[in-house]
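Next comes just one chain, in structure tokens: the form predicted alone.
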């Protein structure tokens, strides 16, 4: 290949990168821009800078529906994160530290929710819970409203696939742990619980923080699975969808800006934790 051809390909590659990131960034920039436009609709022309849609009487913090949706999303995301970290850690120890019949099949089943579309996963859980509820009420005469569409099913639906992500992240970290440290602690008389709390879990701390942030963000922004399982208490994503069906407003742009900033902060924390962990690992070698 001639030098001229290499330069042409390099130029095309750079142009592709520019267009790719522009494609990702321009919609976000426009959303942020119209959130500060002093107009009752998120569109041109520009009528001046304002914070009305954030702090005004008609701003996002004065919208009870959005605030209620935010509280619901935060509650669900917190519970999903806790469950995913707990079960993900147990799964990591199970798959990395134990050998048992059917381990490969069980590992495949754990990965399956990642390739199943969110809508299909939500419908499957909804059908299962509906069948189970009708069976319990039909045979036992016991009402089980808790298994009807609502926050419990939303939590379980999100947990079903997000826990796979936390398991993979924690497993990757656990796989690098030098088990000779644990063996040395056991030889010195330390109990399994003491070794776990003073050696293993502190080593897993960066993975726990990173996977916890990922789980929280995935839960908070999930729509497909949540839409199929939601009840009367709607998370923020469903509330935003219902509001958009009635027409876009600058308040929705303001909510989007706040979510972008909050997500950016959490991602920055995750990257910082990983960077510190990398520096400490390199220093210890």
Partner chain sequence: MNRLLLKWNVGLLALPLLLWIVLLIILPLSDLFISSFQEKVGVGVFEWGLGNYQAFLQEPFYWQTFIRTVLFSIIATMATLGVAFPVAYYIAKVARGRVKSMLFVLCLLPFWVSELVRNYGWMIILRESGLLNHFLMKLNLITQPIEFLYRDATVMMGLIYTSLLFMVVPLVVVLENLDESLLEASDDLGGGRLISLRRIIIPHAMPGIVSGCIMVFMLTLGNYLTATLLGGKESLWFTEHIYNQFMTRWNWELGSAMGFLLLVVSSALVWLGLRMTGQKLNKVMT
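Positions refer to the first chain, counted from 1. Quantities reported herein were computed from a predicted structural model and do not represent experimental measurements.
Keep in mind that the form predicted together with the partner chain is missing from the display, and what follows is about it.
- Using a 4.5 Å cut-off to the partner chain in the predicted complex, each of 111, 119 and 263 places a heavy atom inside that distance.
- Interface residue among 208, 72, 94, 79, judged by heavy atoms within 4.5 Å of the partner chain in the predicted complex: 94.
- In the predicted complex, the partner chain stays beyond 4.5 Å of every heavy atom belonging to residue 272.
- In the predicted complex, the partner chain sits within 4.5 Å of a heavy atom belonging to residue 34.
- Although the partner is absent here, residue 176 is not a contact residue: none of its heavy atoms lies within 4.5 angstroms of the partner chain in the predicted complex.
- Among heavy atoms of residue 87, some come within 4.5 Å of the partner chain in the predicted complex.
- Contact residues in stretch 26 to 65 (any heavy atom within 4.5 Å of the partner chain, taken in the predicted complex) are 26, 27, 28, 30, 31, 34, 42, 43, 44, 45.
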